[in-house]
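Next up: a single chain in structure tokens, the form predicted on its own.
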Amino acid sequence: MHAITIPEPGGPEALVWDEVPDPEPGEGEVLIEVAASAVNRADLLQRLGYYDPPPGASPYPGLECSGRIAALGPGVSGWAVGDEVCALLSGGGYAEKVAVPAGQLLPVPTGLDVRQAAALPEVACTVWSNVFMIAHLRPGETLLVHGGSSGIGTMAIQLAKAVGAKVAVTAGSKEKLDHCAALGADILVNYREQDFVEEIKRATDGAGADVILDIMGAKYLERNVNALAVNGRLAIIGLQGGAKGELNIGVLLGKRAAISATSLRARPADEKTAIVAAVREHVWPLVAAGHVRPVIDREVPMSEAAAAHHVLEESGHVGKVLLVAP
């Protein structure tokens, strides 16, 4: 088969479409013929040499894919060769074939084609696990999403609105904020021109956000805590603004607030299986009913993954960038 390899870390030009051995499904795994994958920020970090795959994972980038089951490994039940699926991966999505634990498979949702489904696994699992399973967003509460026009952001807006929450977003342009509003965002903050703490306080009569989904890390830590409501929950899922920050614990104590920080890729298989099962139970019916949909900025041939990485680095996209297999 062919896959995107990274012979040496570097810029987008480090991505090489090369012939590699076919994967074999092991115990409890299925082999997928990949129709599409999607680009995530983690893939850019892996390309730069900063985010190695977990032990035993495929060395090729790609944290999600969609396609058709080509073979079943020993011990797999409930799936059949030919089933159209999408999957949460620990790596290997930028390839024509990938082996994945059966517990990380999802059926292609009703109403979507197999390529569109590639835009869902990583964002759906990330948002559901952090915003709902950990931070317990409730109807009537306010969610603040940083990077509202990203793949994560567009999914978070839709899921929060579907459960009856109010949604605030930050983005860097009017065009991106307009896209967020079209998905249902209630409070729009241009982080280049406005202070999100002031805007959230103003929009909530001084109360603040009940849940904040943060991709920035250190850069926003102090302001995120200031923007939290009493009993608020800050969920950190990215470090685009750095890994080390200073925190006034007294402010956190005064608000009886909580901070969680998680990544998805390195979590144990049983935790991923539980998250995927929860997404299938709670999110897939919303997709089938048309209340939630993947937001796809563009499709790029997988062999031209370097061009897709350029798009993410320039942050000109809205939603997901897909890599389409030959």
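The numbering used is simple: start at 1 and walk along the sequence shown. Because the structure is predicted, anything quoted here is derived from the model rather than measured.
The form predicted in complex with a small molecule exists for this protein as well; it is not shown, and the discussion that follows is about that form.
K.L.:
Within 4.5 Å, heavy atoms only, one stretch in 201-209, 110-118, 252-260, 230-238 touches the small molecule in the model of the complex. Which?
P.N.:
It is 230-238 that comes within 4.5 Å of the partner.
K.L.:
Suppose contact means a heavy atom within 4.5 Å; in the model of the complex, does that hold for all of Gly147, Ile152 and Tyr191 with the small molecule?
P.N.:
The answer is yes: all three residues contact the partner (heavy atom, 4.5 Å cut-off).
K.L.:
Applying a 4.5 Å heavy atom distance criterion, does Arg41 contact the small molecule in the model of the complex?
P.N.:
Close contact exists here: in the model of the complex, Arg41 approaches the small molecule to within 4.5 Å, heavy atoms only.
K.L.:
At 4.5 Å between heavy atoms, is Leu264 in contact with the small molecule in the model of the complex?
P.N.:
Heavy-atom contact with the small molecule at 4.5 Å: present for Leu264.
K.L.:
Flag Ala165 as yes or no: does it have a non-hydrogen atom within 4.5 angstroms of any non-hydrogen atom of the small molecule in the model of the complex?
P.N.:
Close contact is absent here: in the model of the complex, Ala165 is far from the small molecule, nothing within 4.5 Å, heavy atoms only.
K.L.:
Is Ala171 part of the interface with the small molecule in the model of the complex - any heavy atom within 4.5 Å?
P.N.:
Yes, Ala171 sits close enough to the small molecule in the model of the complex that at least one of its heavy atoms falls within 4.5 Å.
K.L.:
Heavy atom within 4.5 Å of the small molecule in the model of the complex: which of Leu221, Ile215, Ala99, Val76?
P.N.:
None of the others qualify; the residue that does is Ile215.
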